[in-house]
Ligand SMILES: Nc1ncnc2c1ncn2[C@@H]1O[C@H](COP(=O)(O)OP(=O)(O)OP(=O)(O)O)[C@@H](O)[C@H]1O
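So this first bit is one chain, no partners, the form predicted alone, shown in structure tokens.
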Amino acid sequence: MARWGKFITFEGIDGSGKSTLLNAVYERLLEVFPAEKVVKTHEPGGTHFADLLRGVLSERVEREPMAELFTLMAARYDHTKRKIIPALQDGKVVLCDRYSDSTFAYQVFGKGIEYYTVARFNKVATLGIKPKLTLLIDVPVDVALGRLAEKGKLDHYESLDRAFFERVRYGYLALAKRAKKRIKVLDGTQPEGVVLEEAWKHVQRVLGMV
């Protein structure tokens, strides 16, 4: 039976550069491990069903925060049970663009849902699994909004106001203070190569490569 794999998540406000960093770490891991031993995925999404729900969540329509939470948790449960856990059981390294921390930052700090309400639902949706390492790419809101402005068409979350992003950023940093061993904060205003090297040191440590 394969050893349980390693689960690494990438977090940050929209426009932080987390997806770019994940792809760079993924490419570097492929230089070390066989391609079939490294899984790259994302949330909301990651399975066909969860990706359908991602499309709904991305729509710029009014919604109740709790309805949004239920939809996110449905997507997470399907993704976790059908993709993440099987990969970890097979001893793979799983890199995920967003996971539980996003929900606490966006739904609790950003949209005002009570913390323990989210925690209860999240425990069910994750089937109790937690990342071994979370890389939080932190940038000032002005930097993130500037990057999003260059993107063009924005989804529901990307189109929310500055005050929302400030709350979410504050939420992420508060979460990082509570989980210093797991969540490593990276300065996303540094050059991409510098951020990658710092992130890579944390990844190597978690994977037992150093």
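So that there is no doubt, residue numbering starts at 1 and follows the sequence shown. It should be emphasised that the depicted structure is a prediction, and the values quoted were computed from it without experimental measurement.
Here the subject shifts to the form predicted in complex with this ligand, a form of this protein not shown in this document.
With the partner omitted here, the residue from Lys37, Arg63, Lys40, Arg147 that has a non-hydrogen atom within 4.5 angstroms of this ligand in the predicted complex is Arg147. Three-residue candidate spot Gly110, Gly112 and Gly171; no residue lies within 4.5 angstroms of this ligand in the predicted complex by any non-hydrogen atom. At the 4.5 Å threshold, heavy atoms of Arg98 reach this ligand in the predicted complex. Of the heavy atoms in Glu197, none are within 4.5 Å of this ligand in the predicted complex. Contact between Thr9 and this ligand in the predicted complex is not found at the 4.5 Å heavy atom cutoff. Although the partner is absent from this view, Arg178 stays clear of this ligand in the predicted complex, with no non-hydrogen atom inside 4.5 angstroms. Looking at 168-194, the residues that come within 4.5 Å of this ligand in the predicted complex, counting any heavy atom, are Gly188, Gln190, Pro191, Glu192.
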